[in-house]
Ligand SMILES: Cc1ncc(COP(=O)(O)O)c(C=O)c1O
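Let's start with one chain on its own, the form predicted alone, as structure tokens.
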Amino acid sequence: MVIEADRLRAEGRDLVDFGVGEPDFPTPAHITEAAITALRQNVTKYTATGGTRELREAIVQAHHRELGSGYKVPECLATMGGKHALFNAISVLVDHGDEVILPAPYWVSFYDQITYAGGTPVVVQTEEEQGFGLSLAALEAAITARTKVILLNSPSNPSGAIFTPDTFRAVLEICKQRGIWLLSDECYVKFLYDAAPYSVASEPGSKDFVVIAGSLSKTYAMTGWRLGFALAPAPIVKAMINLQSHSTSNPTSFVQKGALAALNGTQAPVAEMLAEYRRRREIIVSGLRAIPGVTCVMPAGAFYAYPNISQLLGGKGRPATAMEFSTRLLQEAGVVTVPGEAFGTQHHLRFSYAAAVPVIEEGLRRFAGFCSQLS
């Protein structure tokens, strides 16, 4: 869809883009200034592979302060974005023939990272009518002797759903009993609308079974800076650093200085972004729900809406699949979305509302017009 959208833009088409999963806000000024200062001071050399000690200390301290964990520096490494933290973790934890339980809808990279490592994704569908909640019975039914990891992403990309602390505790208990790793992707952990940020790493006795993947990208509008981190038992972190030493080596030196400013400085910009996402969420979900044939769960976090378009699929003149729907929506109405097949479901589209309100309103107008032609 990205390639087709780029082609249409090159032809001069005016597109409304709900496809990009990144904040539309600028990186907060104090973060940018810290990196600029570092460049001027020639902070442009190699650092330790897993990041400077100063940065790793800041990461574990921030995670303790805000999410209640108890990690130490040897249990932390900095990476080139949250995706890199996940890739390193999966590569270290998953061997050929291992199975990884993956609730759907899931972020697109999870599936491919698991298969790249030689593992088998075991997809468990969540319950849309329960806000894309996870059925513990379905989860346990999917566990086999080959299960090595359960991968949870909360808040979720693409659905915006969250798994409750009770769900995390129950999954953690399953992991303890079965000797399974719980890999928790906390990329959007600061962007919750009606609940406090939570990490399963705050639970007593969690450390020996949990690996945390985190990112500064979305929280601080730093997607292009590429700075993430992982928290895990020291032997796992050591293995991840060894892997990183032979792939990317250290995160960019002056970016680490910007990350320090993000973690140690004012958190006011995060609260401001969340307040604006909350306003946009109300606009886009209300707009989607007003369209006949479209239903939409209210996202509890992140900045994505994941409407169900099953009532508009099939029949004379209608798209047969979400992929076809998304393609026609782009070509005929100039609206960019991501079809649900990319996330392991068949009847959904992902709308990123990391866009200005006038853009959202224009996109909804076009989307409603397209849907009305299918009724």
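What you are looking at is a predicted structure, and each value in this text was computed from that prediction instead of being measured. Throughout, we count residues from 1 along the sequence that is shown.
The discussion below concerns the form predicted in complex with the ligand, not included here.
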(message) My question is simply whether L102 lines the interface with the ligand in the predicted bound form - judged by any non-hydrogen atom within 4.5 Å.
(response) no
(message) I'd like to check something about N250: if you look in the predicted bound form, is any of its heavy atoms closer than or equal to 4.5 Å to a heavy atom of the ligand?
(response) no
(request) Flag F110 as yes or no: does it have a non-hydrogen atom within 4.5 angstroms of any non-hydrogen atom of the ligand in the predicted bound form? (result) yes
(message) Is E75 part of the interface with the ligand in the predicted bound form - any heavy atom within 4.5 Å?
(response) no
(request) Select, from the options 204-212, 153-161, 293-301, 123-131, the stretch whose residues sit within 4.5 angstroms of the ligand in the predicted bound form by heavy atom distance. (result) 153-161
(message) Just to confirm, with a 4.5 Å cut-off on non-hydrogen atoms, which of W181, F168, F87, Y188 contacts the ligand in the predicted bound form?
(response) Y188
(message) Can you work out which of K83, R280, K148, K238 has a heavy atom no more than 4.5 Å from the ligand in the predicted bound form?
(response) K83
(request) Taking only heavy atoms into account, state which residues of 189-219 are within 4.5 Å of the ligand in the predicted bound form, ordered by sequence. (result) S215, S217, K218
